[in-house]
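Consider the single chain below, provided in C-alpha cells and representing the form predicted on its own.
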C-alpha cells in the first residue's frame, strides 16, 4: 500500500515538473536568447554561442522604431497605480452598499451591473471611443484609465465577501456605539482584506496586460503602454531587424509582472483559498 502511494506521489511530481517545464520554456527561451547575438537567433541555435548585455543597453537607452521601452514602462506603471487605487476606492463602497444596506432597487442595480460584466468588451469599443473623443481624451492617460473604473468583477467579488460577514458583528458594533462609517472602515474593510488583495492582484495583471483598449485610444509612440510598444516593435517587417533586441524588450516589459507575482503569491493563494472566507 505504501509503495503504491509513493508511486502515485512520484508520478504526480513527474507530471507537475513536465507541465511546469512546458509552461516556463517560452519565458526561459526569451530570457536566454535576449543575451545572445542576433546571428544565433537567425541560425536558430539551440543554445547561444556567446552572451552580451548589449541588447538590454540598446533597449533601455535608445528608441526602437521611434518607441522608447522605458517610457512605455512608465506609462504602464502610472496606469496600473491609478487604476488599482481607483478600483479600490470605487468598488469597495459600491460592493458594501449592494451587500449590506437595504434600498429601493438594490437587486435591480446589481443585476444591471452583472449584465455589463457579461457583455464582450469589443461591443462597446466604438461607443467608448466616441465618448472619449467628445471629451478630448483620445491619446491621453485619462482616456486609457477612465473606462477601467470601476471594475465590475471587483464589485461582484467584494459583494459576495461582504455578504458572508455575520450580522452579529455589525449588531455588536452598533451596541458599542459605532456609526455606519466606523463599521464600514474599522470592521468590514479589514475583514475583507483577502478579497481586496485578490482584487488588487487581478487589477494589476489586467491593467498591465490590457491591450485592446489602449490600442484603440493611443495613436502616438510617446503614449504607448508596454504591451502596445511590444506589439508595435514586433510588427516590423525589416529584414535586418534585431530579434535579440526584441527579446530583451519582451523580457524587460514582462519582468515587472513576474516580480509582482512572486511578491504577491502569498496573497494570491490566500485570496483564492476557501479558508479565506468568514466562518
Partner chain sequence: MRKAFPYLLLAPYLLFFILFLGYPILRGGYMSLFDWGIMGPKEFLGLGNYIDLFSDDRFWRVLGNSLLFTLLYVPPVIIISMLLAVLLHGFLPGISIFRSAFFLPMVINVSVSAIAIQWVMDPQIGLLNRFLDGVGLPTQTWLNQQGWAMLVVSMVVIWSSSGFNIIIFLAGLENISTEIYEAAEVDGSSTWHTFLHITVPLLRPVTLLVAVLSMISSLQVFGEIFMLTGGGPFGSTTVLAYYLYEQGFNNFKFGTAAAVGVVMTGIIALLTFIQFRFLGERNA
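As the structure is a prediction and not an experimental result, all values here were calculated from the model. Positions refer to the first chain, counted from 1. Superpose the two forms; the largest set of C-alphas matching within 1.5 Å is the rigid core.
As for the form predicted in complex with its partner chain, it is not shown, yet the points below apply to it.
S.K.: With its partner chain left out of view, which of 187, 97, 165, 73 would have a heavy atom within 4.5 Å of it in the predicted bound form?
M.R.: Result of the distance check: 97.
S.K.: Looking at 85, 126, 78, 169, which has any heavy atom no more than 4.5 Å from its partner chain in the predicted bound form?
M.R.: Only one option qualifies, and that one is 126.
S.K.: For residue 51, is any heavy atom within 4.5 Å of its partner chain in the predicted bound form, or not?
M.R.: Contact with its partner chain, no.
S.K.: Does residue 65 reach its partner chain in the predicted bound form, with heavy atoms at most 4.5 Å apart?
M.R.: Residue-level check for residue 65: no, no contact with its partner chain.
S.K.: Quick one: is residue 263 in contact with its partner chain in the predicted bound form, heavy atoms, 4.5 Å cut-off?
M.R.: Contact check for residue 263: no, nothing within 4.5 Å of its partner chain in the predicted bound form.
S.K.: Indicate whether its partner chain has at least one heavy atom within 4.5 Å of a heavy atom of residue 37 in the predicted bound form.
M.R.: Because no heavy atom of residue 37 falls inside 4.5 Å of its partner chain in the predicted bound form, the answer is no.
S.K.: Since the partner is left out here, which residues of 33-61 would have a heavy atom within 4.5 Å of its partner chain in the predicted bound form?
M.R.: Contacts from 33-61: 33, 41, 42, 43, 44, 45, 46.
S.K.: Please determine whether the C-alpha atom of residue 11 is displaced by 2 Å or more between the shown form and the other one following superposition on the rigid core.
M.R.: It does shift by 2 Å or more.
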